[in-house]
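In the form predicted alone, a lone chain appears below as structure tokens.
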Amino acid sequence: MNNNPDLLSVQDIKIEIKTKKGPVYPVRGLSFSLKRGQSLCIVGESGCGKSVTALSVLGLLPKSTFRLIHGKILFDGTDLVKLPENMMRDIRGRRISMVFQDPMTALNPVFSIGEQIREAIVAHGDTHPMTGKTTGTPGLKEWIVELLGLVGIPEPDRRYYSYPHELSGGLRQRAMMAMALACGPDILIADEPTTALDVTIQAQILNLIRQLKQKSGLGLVLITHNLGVVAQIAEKVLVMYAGKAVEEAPVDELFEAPFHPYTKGLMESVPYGLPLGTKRLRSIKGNVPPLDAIPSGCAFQSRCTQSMEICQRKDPPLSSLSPTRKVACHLYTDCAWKKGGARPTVGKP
């Protein structure tokens, strides 16, 4: 029996966008899971489908253009895809919260920070789930001020009355985090929470996320393209390319031995990913293909230095190399090794 069941299980989801030229698919058969208290980082370049995946979990994709046409999103055993909007609203914010990339556009400019956090609490009932206080009592304001202090906002009693434009980017991001944590969620989804911040503030926000996770035991899904962030936060890493998972592994194993050529390219394009003695950074040639021009076979084939003939006609499945490692690459499937040589094993490729 599994004593630590999955809190979130995304199973083979496929998302369609309606365009004038016809449907395109930003997410194509994606699966992953998250256990209670675990931190998962979803990594990839812009255009790989990371943010669309996060928004699909919360049911925030515009229904006029986006449609989940296949798969399940199970939260604590409940399929969120099948929930009516009124039940989804109760989960969104209370049990699954999200910190967006740009807090200036996510915060309402005409309400103070304190008012916006209070509104988030009121939206989920008259009694606050963490404190037991009713939303009409003065004690709730004191608790919100305490929460602002918890996320590292100086002078929280004064900042309660501040408007978003009166705060720096780092403080706005902290305010967004306070709002996301206000109802004591089980899962926090953070979409590039440090992208627009300078290096010092980035480090502070990451340290804050780490501390809050340790104190509250919440599950964390962090979306990023920054491998430095991954190294600091993740327990498990999911690498996405062109809407699909191409590699999944515990963070230590991934950094020690990346298997997929795309993961290796990401590692080699940053200083801390270089082997000892290497002086020059490498880059991955080309760009992520546009949604209406994803090639048949492996989507990474045109950028891959190890591309084979089969890569042009067959899309490799995400296969298990060990109980903890998965990779979608023909280099690690039967067709690549049957004709000569030993089959690749888990370890340094």
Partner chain sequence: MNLLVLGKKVRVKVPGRGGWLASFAANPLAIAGAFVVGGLCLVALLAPWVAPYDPQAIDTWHILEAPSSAHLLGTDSLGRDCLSRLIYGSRISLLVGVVSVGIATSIGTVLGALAGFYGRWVDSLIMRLVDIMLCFPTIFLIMAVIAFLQPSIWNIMAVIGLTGWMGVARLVRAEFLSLRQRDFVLAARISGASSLRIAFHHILPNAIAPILVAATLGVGGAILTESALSFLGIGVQPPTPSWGNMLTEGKDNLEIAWWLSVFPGLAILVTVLGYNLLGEGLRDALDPRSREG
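Positions refer to the first chain, counted from 1. Keep in mind that what you see is a predicted model, and the values were worked out from it rather than measured.
This next part talks about the form predicted in complex with the partner chain, which is not shown.
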(message) the partner chain is absent from this chain, but in the predicted bound form, do Ser64, Asn108 and Glu119 each have a non-hydrogen atom within 4.5 Å of it?
(response) yes
(request) Decide whether Pro250 counts as a contact residue for the partner chain in the predicted bound form under a heavy atom distance cut-off of 4.5 Å. (result) no
(request) Report whether the minimum heavy atom distance between Gly93 and the partner chain in the predicted bound form is within 4.5 Å. (result) yes
(request) Would you please decide whether Leu74 lies within 4.5 angstroms of the partner chain in the predicted bound form, comparing each non-hydrogen atom pair? (result) no
(request) State yes or no: in the predicted bound form, is some non-hydrogen atom of Ser97 no more than 4.5 angstroms from a non-hydrogen atom of the partner chain? (result) yes
(request) Just give me the single entry in His225, Lys213, Arg89, Lys141 that has a non-hydrogen atom within 4.5 angstroms of the partner chain in the predicted bound form. (result) Arg89
(message) Just to be sure I understand the contacts: of Ile310, Leu58, Ile294, Leu318, which is the one whose heavy atoms reach within 4.5 angstroms of the partner chain in the predicted bound form?
(response) Leu58
(request) Would you mind picking out the stretch of 167-175, 98-106, 232-240, 148-156 that comes within 4.5 angstroms of the partner chain in the predicted bound form, counting non-hydrogen atoms? (result) 98-106
